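As a starting point, one isolated chain is supplied in structure tokens, in the form predicted on its own.
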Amino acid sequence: MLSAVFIYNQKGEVLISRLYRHDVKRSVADVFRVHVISSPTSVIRSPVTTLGSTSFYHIRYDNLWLCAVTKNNASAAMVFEFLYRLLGLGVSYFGRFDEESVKNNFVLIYELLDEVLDFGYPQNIEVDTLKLYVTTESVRSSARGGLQSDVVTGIPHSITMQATGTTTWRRNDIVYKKNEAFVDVIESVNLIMSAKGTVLRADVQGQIVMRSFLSGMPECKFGLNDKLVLDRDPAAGNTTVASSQMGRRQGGMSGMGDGESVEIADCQFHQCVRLGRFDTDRTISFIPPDGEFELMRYRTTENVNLPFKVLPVVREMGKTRIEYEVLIKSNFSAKLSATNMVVTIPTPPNATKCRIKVTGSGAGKAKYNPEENAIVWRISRFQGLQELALTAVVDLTPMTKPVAWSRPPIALDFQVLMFTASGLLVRFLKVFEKSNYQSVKWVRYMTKAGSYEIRI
């Protein structure tokens, strides 16, 4: 597996050097510095560099380079997962992970590297578990840039059980006065639409983030309106998350396609999920970590509910003027609304003056931004089933060497609460614990723009 791990600053100086195997020498750190860090910035670097029989996997964060070295045919995905987990470990311990925090905590970093890797093989990298028995004093970087001394203390009798048990991500002595679970379904909708209104690409990247404040070792069961589940159980198709079963933080569920099944293209789960049960009956069963964590990620490409439809008309009136007519329609329920919406309408680089007019209730404000070569239309609140329009006339200055305008696409940025572009719904969330306490569950849905572009 891994033969060495190095941490460099932006100048290429080695801050941390840890060798795990005898197949590489300390001088291999100079090879990476010469061929990668010191190479011209114009060269597009790959995150994996192979020189001879040695492979270097690296990531950049702030002013640091994190590099893993191996002579074996290691899984690239696993190596990068380890590097990012190591980065998260440093942020959790030190507050920030930069050159200053590495220099102030180099003893603790070496101790952590000895714990998370054994002969080059990744071991337990759970932050909560490591903080139980890696109790060296750390110097945390505060938000104001000051230094704070922090001693992480552990409970000796629970260290062994925590580190070697089946649920290394959770302690069994957690107690809350009020047991609650918060679930956020966050989706990013991506769209590329042609100038004629044809959808060229539409997909949804989603994640389910959970915040668990539950006592003991609860067993949670999570259900979605997954197409495979509902096809097996027709009666489940009408089962949605009723208000009597699960609280909601904002608004209603209207306009989200209740009862319709969703075909999930692919999904990834947190390590706490029992994959065996998911493969057999599509039930997401898990013992949740304490606090906030990402339960799963998913992607859908079928039946995407586009929250906005944009109808642009751009006419070039000779070489001195361009006329714009942009109509935006919201396709979600009138009970819902989009917030912090920004529409970026590109203009030619030789634009000199813009006359802009917006129409519609709550149409916001539009302004020409010469630095971005675009008209920026900001709408604080866009109600559902509403239409807003923008018209603009852009004056152009003559160019000595006429260059055809490339017509970049119109880009949208927005957030819509209690709406999912995929139609995904949480059907149920059940919590079982041996003390049989009552728990309160909350669900919130949010759809935001990923790469939402309309060609003109």
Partner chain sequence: MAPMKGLTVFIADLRKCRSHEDEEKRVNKELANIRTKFKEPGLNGYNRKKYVCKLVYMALLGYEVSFGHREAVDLVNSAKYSEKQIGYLAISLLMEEDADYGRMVVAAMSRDIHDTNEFNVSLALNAVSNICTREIAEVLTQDIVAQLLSPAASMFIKKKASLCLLRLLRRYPEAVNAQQWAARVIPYLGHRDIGVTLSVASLVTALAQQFPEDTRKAASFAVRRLKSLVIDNEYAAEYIYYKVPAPWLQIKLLRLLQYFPAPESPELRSLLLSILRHIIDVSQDTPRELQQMNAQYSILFEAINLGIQLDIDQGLMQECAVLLGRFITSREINVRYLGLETMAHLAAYIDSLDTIKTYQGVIIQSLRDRDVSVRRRALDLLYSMCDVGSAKTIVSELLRHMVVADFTLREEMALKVAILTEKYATEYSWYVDVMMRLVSLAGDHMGDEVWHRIVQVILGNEELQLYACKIALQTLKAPVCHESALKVSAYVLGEFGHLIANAPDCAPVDQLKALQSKMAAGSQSARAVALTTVGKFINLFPEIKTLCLRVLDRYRGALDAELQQRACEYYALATLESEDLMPTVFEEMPPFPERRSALMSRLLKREADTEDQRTWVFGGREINRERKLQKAGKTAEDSEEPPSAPQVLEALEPVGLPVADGGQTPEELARVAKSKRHYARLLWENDGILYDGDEIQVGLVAQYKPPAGRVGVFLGNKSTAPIYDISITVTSVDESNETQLVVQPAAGQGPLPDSLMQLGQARVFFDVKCTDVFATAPTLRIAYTMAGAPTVSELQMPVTIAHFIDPVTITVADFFSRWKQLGDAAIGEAQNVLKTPFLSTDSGAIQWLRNVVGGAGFALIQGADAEPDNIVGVGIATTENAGRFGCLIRVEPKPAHGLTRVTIRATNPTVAKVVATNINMIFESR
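Rigid core: the largest C-alpha set superposing within 1.5 Å between the two forms. Residue numbers count along the first chain shown, from 1. All of these numbers come straight from a predicted model, not from anything done at the bench.
Heads up, the form predicted in complex with the partner chain isn't pictured, but that's what we're talking about next.
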item	value
Non-hydrogen atom contact Gly88 with the partner chain in the predicted bound form at 4.5 angstroms	no
4.5 Å heavy atom contact, Leu214 to the partner chain in the predicted bound form	no
Any non-hydrogen atom of Gln415 within 4.5 angstroms of the partner chain in the predicted bound form	no
Proximity of Asp98 to the partner chain in the predicted bound form, heavy atoms at 4.5 Å	no
Options 284-292, 369-377, 322-330, 303-311; stretch whose heavy atom lies within 4.5 Å of the partner chain in the predicted bound form	369-377
In the predicted bound form, the residue from Thr352, Gln207, Ser92, Asn340 that sits within 4.5 Å of the partner chain by heavy atoms	Thr352
Those residues of 388-419 which, in the predicted bound form, come within 4.5 Å of the partner chain by heavy atom	Asp395, Leu396, Thr397, Pro398, Met399, Thr400, Lys401
Core-superposed comparison between this form and the one not shown, Met446 Cα displacement 2 Å or beyond	no
Core-superposed comparison between this form and the one not shown, Lys103 Cα displacement 2 Å or beyond	yes
